[in-house]
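Let's start with one chain on its own, the form predicted alone, as structure tokens.
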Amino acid sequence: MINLEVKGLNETLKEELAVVRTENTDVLERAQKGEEKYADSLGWLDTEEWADDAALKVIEDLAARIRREAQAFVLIGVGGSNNAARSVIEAIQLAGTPEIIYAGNTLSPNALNKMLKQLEGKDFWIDCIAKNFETLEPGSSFRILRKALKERYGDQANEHVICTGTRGSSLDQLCQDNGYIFIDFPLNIGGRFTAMSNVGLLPMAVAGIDVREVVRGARDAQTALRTQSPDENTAYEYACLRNLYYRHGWKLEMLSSFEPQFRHFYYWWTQLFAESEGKDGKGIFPVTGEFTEQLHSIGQYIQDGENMIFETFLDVKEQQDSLVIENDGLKDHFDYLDGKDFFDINKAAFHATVTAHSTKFPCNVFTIGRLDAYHFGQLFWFFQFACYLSCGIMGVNPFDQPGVEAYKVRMFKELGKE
């Protein structure tokens, strides 16, 4: 399982943490069982509901067909409809699989034209992922991509379209009217919790990811975290820590790593906590740090700026790659690096940063065994459950997002939508 080590926690905070853990055990117990009041949002809590063997077989067969026929695969979706898949694909996509292109996440004509340019001369499929098919970004991208398909394939264009939506929706009807392949977007899972469903798993499978390993990782996390006691449950520990820090005025959490392969996982994590926790005038604001690059910019603020941040680090135990620095005979004053592997240099920077930052504020350090499909599955389920717990302790609904609708009403009015 994912290992948690906490740095910079003084004796006073340790005593207060023990109180927080004792006072909120009922939150853990309710979450482990699944609360009735959230029944229409807990389809992710048991991976078997939407990612059992039969569901995975359908995904694998469809993905295999796409890999045979396509040079590119367009994932049309915004936020929860693409963040989970993209975080795994951008990190560990297999060579020789279709290029994954993203649409439906912007309204910029420049970005959309660049996306269309990527498709020129390529055989491609598209997957429009939309729970209610009312969101502007995927809906508008779907229109221009259907036109692109028609121009390339003529009457056979519809054979290259998948829609991931809810039964009975307008997207479902569009599929019935035009012969598109339709697969389920779970009704009982909100977008940011859909990693272990058709939403996240089909694009991963197209990219050659072993989705059974992703699901196995999530299932192992589920099995542990839904049965462990408060004293051994790492997700509960993390949720209690977050709320303790929040009460002490640390209202920003920075998720940091020294591994660029986590770059798109940051987007998924940011949405998960911002959209789940940020309501009723409450919530920890999620930010991210890409190190070592940003140590040379925001590192200054982290170390010497206002003390309102706590940090959560992601670390990987197993070495994936090796690159040793050799002396090329030139005098550059970097001789102390001769014979050193970049893996060890990067680790030295990581350990030094955690030590430096934890002298100012608490730092949570999560370590996974290796950066692969199995451990991505663990990370998804772990943070989803921890978010559920953290919201429970904070006293907010983890599964709604009323604030997201505020701008949409004004935007639709400006665009003339009834």
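Just so it is clear, the model here is predicted, and its values are computed rather than measured. Each residue number is its position in the shown sequence, starting from 1.
Unshown form predicted together with another copy of the chain; subsequent notes refer to it.
A.B. asks: Name the single residue among I181, L136, L187, L94 that comes within 4.5 Å of another copy of the chain in the predicted complex, judging by heavy atoms.
C.D. replies: It is L136 that has a heavy atom within 4.5 Å of the partner.
A.B. asks: Would you mind picking out the stretch of 118-126, 251-259, 225-233, 211-219 that comes within 4.5 angstroms of another copy of the chain in the predicted complex, counting non-hydrogen atoms?
C.D. replies: Contact criterion met by 251-259 only.
A.B. asks: Considering non-hydrogen atoms and a 4.5 Å limit, does another copy of the chain approach R30 in the predicted complex?
C.D. replies: R30: no, not in contact with another copy of the chain in the predicted complex.
A.B. asks: Quick one: is Y246 in contact with another copy of the chain in the predicted complex, heavy atoms, 4.5 Å cut-off?
C.D. replies: Flag for Y246 set to yes.
A.B. asks: Is T355 one of the residues lying within 4.5 Å of another copy of the chain in the predicted complex, judged by heavy atom distances?
C.D. replies: Yes, T355 lies within 4.5 Å of another copy of the chain in the predicted complex.
A.B. asks: Though only this chain appears here, would Q271 touch another copy of the chain in the predicted complex if you measure heavy atom gaps against 4.5 Å?
C.D. replies: Yes, Q271 lies within 4.5 Å of another copy of the chain in the predicted complex.
A.B. asks: Are there residues in 108-125 with a heavy atom within 4.5 Å of another copy of the chain in the predicted complex, and which are they, in order?
C.D. replies: Heavy-atom contacts to another copy of the chain in the predicted complex: S108, P109, N110, A111, L112, N113, K114, L116.
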